[in-house]
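First comes one chain, alone, set out as structure tokens in the form predicted alone.
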Amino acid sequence: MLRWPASRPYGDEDHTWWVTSDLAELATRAPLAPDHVLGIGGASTTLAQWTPRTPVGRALDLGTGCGVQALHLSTHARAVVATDISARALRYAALNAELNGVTWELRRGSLLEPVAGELFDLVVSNPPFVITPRERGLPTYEYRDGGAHGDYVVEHLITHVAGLLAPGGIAQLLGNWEIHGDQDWRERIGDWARASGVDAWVVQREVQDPAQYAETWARDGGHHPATPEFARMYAAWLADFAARDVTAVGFGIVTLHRPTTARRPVVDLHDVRAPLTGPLGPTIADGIAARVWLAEHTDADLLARPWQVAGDVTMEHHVIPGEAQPRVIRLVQGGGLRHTESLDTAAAGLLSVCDGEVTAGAAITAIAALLEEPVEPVRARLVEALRRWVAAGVVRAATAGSSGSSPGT
């Protein structure tokens, strides 16, 4: 069947491009072909928004599709390599590069194979992460089905893509992962993150139960409910999940970073469901820098610095009428990943005096005296909170200091 391409304008804050891909099922009113090439969708825009745009030398778009991520990479990378298992996708990527006057090195192959043994400063990937049953006769699509059982594709990327990172290099990936039984999602994904051998920062953005997930992806290829084919796919998904005791499926963003110094990698796992706005690339870049600083400095270094509250941070006081003291004090971050947490009196006091003038150590000593508590337990509790705030961008270094990089500057 003849398939017509679709072209549409696309861009970011500073660039406008034309992107060509296959027509979606809403236009064709027919199920998609197995080698269908997606255009611009929610996953591709999410990955683009979360990717840091620091200038780099070599960048890789792993599973490029029609080349959306490669277009973004071309704005801040000297050289771009783009790979895909789909020959049709690579033809579209070549067309889009030509339409927009950019040059990429296009390679065909599965996952890491086309770039084995090479190093990159930035790797981005919107891989075929959809968890699909391996039942014979079910429709499969190159853009979403990795050809493996369960969430193996995402596990493989998280545990192996670090081998492509040059020192200081970053990988930004999207993925789905299975949650088994009553297990906390952090246990399983944490094992993958630690196996990567580099710094890993995972943010879970959404969770679906098996029925929701099955319906979403059974419909995805243009198959409509109340048809025998849809019913068969839906049942196959539920049976596949039940066989592995999958009780939910998570979606999130994985950031990997290869340190430039020999040290123990940092693993950070967060569940962030709040709506987020604006490009998050700067938040990711700042968060990596903050985590590197924390990993390479002691608690004494942390306490010796003056810290300053970020401009988007507020404290909420919840007071019962007639009472003098608040029942609840909450830290609320307005931007970034919108970090929130409840504060006790000591933590609220420390946050209140993070004005860029007084060192954290001096502030904590004064707070302990005001509360008439021993300074050591107060210090231990507040050092833990301060490390959390630095990583989240709640507080930033007031000065660059005498050695090392400075988080948030």
Ligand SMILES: C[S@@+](CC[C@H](N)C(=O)[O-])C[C@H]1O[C@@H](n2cnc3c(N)ncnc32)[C@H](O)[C@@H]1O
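For every residue, the number given is its place in the sequence shown, counted from 1. Not measured: the values here are computed from a predicted model.
What follows is about the form predicted together with the named molecule, which we do not show.
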Within 4.5 Å of the named molecule in the predicted complex by heavy atoms, the stretch out of 68-76, 275-283, 175-183, 330-338 is 68-76
Do Ser86 and the named molecule come within 4.5 Å of each other in the predicted complex, heavy atoms counted? yes
Whether Gly109 contacts the named molecule in the predicted complex should be assessed with a 4.5 Å heavy atom distance threshold; does it? yes
Partner contact for Thr51 in the predicted complex: the named molecule, 4.5 angstroms, heavy atom: no
Distance check, Gly39 to the named molecule in the predicted complex, heavy atom within 4.5 Å: yes
Which one of Asp151, Glu142, Asp121, Asp199 is close to the named molecule in the predicted complex, taking close to mean a heavy atom within 4.5 Å? Glu142
Residue within 4.5 Å of the named molecule in the predicted complex by heavy atom, from Pro210, Pro306, Pro128, Gly221, is Pro128
